[in-house]
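Next up is one chain by itself, shown in structure tokens, the form predicted on its own.
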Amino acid sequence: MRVVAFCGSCHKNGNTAKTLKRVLAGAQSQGAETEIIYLGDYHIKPCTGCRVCERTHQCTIKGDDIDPIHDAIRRADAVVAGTPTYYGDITGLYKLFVDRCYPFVEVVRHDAKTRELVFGSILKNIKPGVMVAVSGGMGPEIFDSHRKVTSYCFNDINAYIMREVLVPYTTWTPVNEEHPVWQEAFDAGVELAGRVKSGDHPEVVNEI
């Protein structure tokens, strides 16, 4: 069992990274192998919107570091994705990661008459996931955008948000052993590993 976390912050010991690592610690307590990918360590070019990957499932962009990130997604039995909040939304780094997951998408339905588009994933194994969202000065209501974008990304990689770990107001209450989220994040990792072991997933994960 392998659990991979993707960190959309450049701070490897910041509030987002600490929360992600606590989720992984919970999964490790249940025997999971874990990995954290700091997206800031990778050169990720912006998606050009060519949509070639809808047909080929291969990205046309060359000369960056997206391949090892894609490989990590393929290896994962469960995923954890986290981002802080910049100007009321996800970070640009996190959005680059989300956009470049598009080669995993499968166009299930494309109806020109009704203008209906339905997307699934080419990946066959369903992955439970945890979304971590952190904000410095804003309350939990700010996380609606984080939730929407993460759910779209998870759809592309055949994952679903099993649990959210939301951490507002870290400007005044940073993440540490005294923060209530410390135990919550650990418990989320335990639950995540348990879901992988049980295989008890929704029949339809996502169809967006």
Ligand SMILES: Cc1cc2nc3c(=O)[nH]c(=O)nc-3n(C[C@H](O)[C@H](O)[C@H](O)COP(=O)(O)O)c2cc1C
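One-based numbering along the sequence shown. All values derive from a computational prediction rather than experimental measurement.
Omitted from view is the form predicted together with this ligand, to which the following refers.
(message) Please pick out the stretch from 122 to 130, 83 to 91, 67 to 75, 97 to 105 that is in contact with this ligand in the predicted complex, where contact means heavy atoms within 4.5 Å.
(response) In short, 83 to 91.
(request) Flag residue 118 as yes or no: does it have a non-hydrogen atom within 4.5 angstroms of any non-hydrogen atom of this ligand in the predicted complex? (result) Heavy-atom contact with this ligand at 4.5 Å: absent for residue 118.
(message) Considering non-hydrogen atoms and a 4.5 Å limit, does this ligand approach residue 134 in the predicted complex?
(response) Residue-level check for residue 134: yes, a contact with this ligand.
(request) Spell out, yes or no, whether the shortest heavy atom distance between residue 170 and this ligand in the predicted complex is within 4.5 Å. (result) Answer yes; at least one heavy atom of residue 170 falls within 4.5 Å of this ligand in the predicted complex.
(message) How about residue 14 - does it come within 4.5 Å of this ligand in the predicted complex, if we only consider non-hydrogen atoms?
(response) Yes, residue 14 is a contact residue.
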